[in-house]
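A single chain comes next, written as structure tokens; it is the form predicted on its own.
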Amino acid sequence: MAIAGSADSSRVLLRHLREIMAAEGDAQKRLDRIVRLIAANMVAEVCSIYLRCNAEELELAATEGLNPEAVHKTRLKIGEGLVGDIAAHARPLNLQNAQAHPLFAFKPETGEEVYHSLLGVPLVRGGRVFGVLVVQNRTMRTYTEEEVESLQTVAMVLTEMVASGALQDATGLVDRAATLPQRLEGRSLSPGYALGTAVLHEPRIEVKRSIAENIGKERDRLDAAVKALRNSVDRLLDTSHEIMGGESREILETYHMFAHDRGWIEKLRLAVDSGLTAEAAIRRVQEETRARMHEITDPYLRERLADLDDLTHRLYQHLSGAQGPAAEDLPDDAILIARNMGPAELLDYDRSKLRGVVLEEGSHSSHVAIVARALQLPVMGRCEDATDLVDPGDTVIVDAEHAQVFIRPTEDVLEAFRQTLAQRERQTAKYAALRGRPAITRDGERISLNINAGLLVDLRQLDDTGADGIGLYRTELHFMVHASMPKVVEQVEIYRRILDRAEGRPVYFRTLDIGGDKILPYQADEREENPAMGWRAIRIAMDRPALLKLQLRALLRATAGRSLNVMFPMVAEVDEFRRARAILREEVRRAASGGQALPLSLKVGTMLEVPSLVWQLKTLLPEVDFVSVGSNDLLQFFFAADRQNERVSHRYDVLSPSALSLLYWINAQCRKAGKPVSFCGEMAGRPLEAMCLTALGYRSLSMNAGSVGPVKEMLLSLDVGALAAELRPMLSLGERSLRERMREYAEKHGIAL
């Protein structure tokens, strides 16, 4: 007999498939012809096609060899039986004696009990399983590698037919499988809600023509694309030494190795030789890579396969010339879908049209998340397979308040979400009405509400929220979104524009807090075991003082004739503050000696983020002009619990008696020394936590702009003196948390939370 898996046989089979696709007739008749054709070509006694009929089940859509009465009656759940297992894992299964396999599920209506050997491959595209293609024989035999390859090639073409809707008029199954509603869970990287239209950040590999008409021409197209890919990777590696080093360069070298890997290229060429177009060959190799990724648990190997997956995508771009979506093509309610992206890429999009972002990767401290929070743009991260499950134009709901994403939501889900958005709009209008009112509690305490900022776009929030000023300006964000180190003149311009936009309201500039999880694009990524406690912020400034000197020089120039407030991050001991202040004083002397105008006033303070500094307050306070409590890091170190580690990040409550006692003591020491103290951690932006902070004595809070309205509404309804009398005795309790006690207090006294 002919070798079914040979390249010639595969090309013959694909040619016949193309004829069937072009022929007239309904979909069911074409499916029936396809299974007969495959069975004859594979010398198999059975060929069956199972298509996904809903989120959980497969249905027998066509068969040659099994009981025809079972068609559209036999169903298997995803994961049930051998066919269900192939669908669940998106991988081939090649068995000599299928009935002896522990997953074998007997369906008496099919009459398959007389067949022993089985070869099944998934119909998969973009990570979405559309069905399963199976051949069977009575004899116990193991199908050859060539036969497996041949059936996978046929499955690739069949999947395109199914996914394109070419077969849906007969079965009704395909359309439902392709448009099923999906709900993804992930991690909220920037809070908020959004409803809009999906836009893929990177174009998906679209195969409009699967079967090659001229194999030689397709081979030439593939080889040209591979050459272009290799050249681009070579150029990237050649220039990388200027801005990258260490492990970052090693990653590029791994990328370079994959681009020149003969085995990978040979797989692509063999797929073309089997009768596929270059695009279809790339798609097939990509699906095989992704299937392997799902089976591998080792994070290093998964990352390497992810590199190969990305390289495959880049090869397709060289082949097709496809690029990302143009700004003018964005819908007015765009939801951006991406595997990951940098902050500069996000800023390239028209903010007026962007409603939300969904990422497969990302973390709360990633650069893109930081920028998104500055833009008040809802972002969901860690949404597995999002780029595969979403099609351009799909309706998408981003619920970054409850860490979920709805793709193609049903009408009832849409209606419920619209009501949520309407409620949010009513709240926004209510907070806007409070914009001009000062935050004065019921018993007459004035609380200063400020915003955290880091980009010029944040400055508009000063007027929108009615905030008193900027309690924390993260200067590192400007450095993070630049492709190269900003020059002093560029920094001066940025700082001047910030002060101009603040219109006399106070701005507290934090010097560069880089390192750890905040790596500049042009900074060598030096991996550390525990980056939060590693070489970062003031520690980098002390070891590399030139960077701090240039930044302070720019701040002094920008604030000539105006007030300058500077604070140093991550100070762990008084000596670090003294050394940093000495650098600032030297820059002041340098500016004065050069005839440069100086700031009208200069105040120097420190972030209080490291517990060791808490116990040096008596020594520190006489030397500072102010203190700003950064609770995110302070309480992370206090509890020895990494806030990025989901296993422990919620284990300890910031409203525990121990944490509140620490914060109370800090405020008391600052007041005793007569030094202003502000609070700029995430706690300040949550009404319940902000309520407790005011009861501990804090009168200046800084938060994300979106939190100003809710916190102000809470303060206007609060008698802070009465709460302080209730809370302070509780600090000696041995309870895990006072959260519920405080919530009950708020409800009892009508405090708006």
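All of these numbers come straight from a predicted model, not from anything done at the bench. We number the residues from 1 along the sequence you see.
Keep in mind that the form predicted together with phosphoenolpyruvate (PEP) is not shown, yet the notes after this line are about it.
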Whether Glu59, Glu80 and Gly131 all lie within 4.5 angstroms of phosphoenolpyruvate (PEP) in the predicted complex by heavy atom: no
Contact segment among 596-604, 397-405, 576-584, 676-684, judged by heavy atoms lying within 4.5 Å of phosphoenolpyruvate (PEP) in the predicted complex: 676-684
Phosphoenolpyruvate (PEP) contact at Arg283 in the predicted complex, heavy atom, 4.5 Å: no
Any non-hydrogen atom of Gly630 within 4.5 angstroms of phosphoenolpyruvate (PEP) in the predicted complex: yes
Residue contact check: Asp513 to phosphoenolpyruvate (PEP) in the predicted complex, 4.5 Å heavy atom: yes
4.5 Å heavy atom contact, Glu609 to phosphoenolpyruvate (PEP) in the predicted complex: yes
Contact residue in the predicted complex, from Leu556, Val207, Val124, Leu472 (heavy atom within 4.5 Å of phosphoenolpyruvate (PEP)): Leu472
Among the candidates Arg496, Lys107, Arg643, Arg339, the residue which, in the predicted complex, approaches phosphoenolpyruvate (PEP) to within 4.5 Å (heavy atoms): Arg643
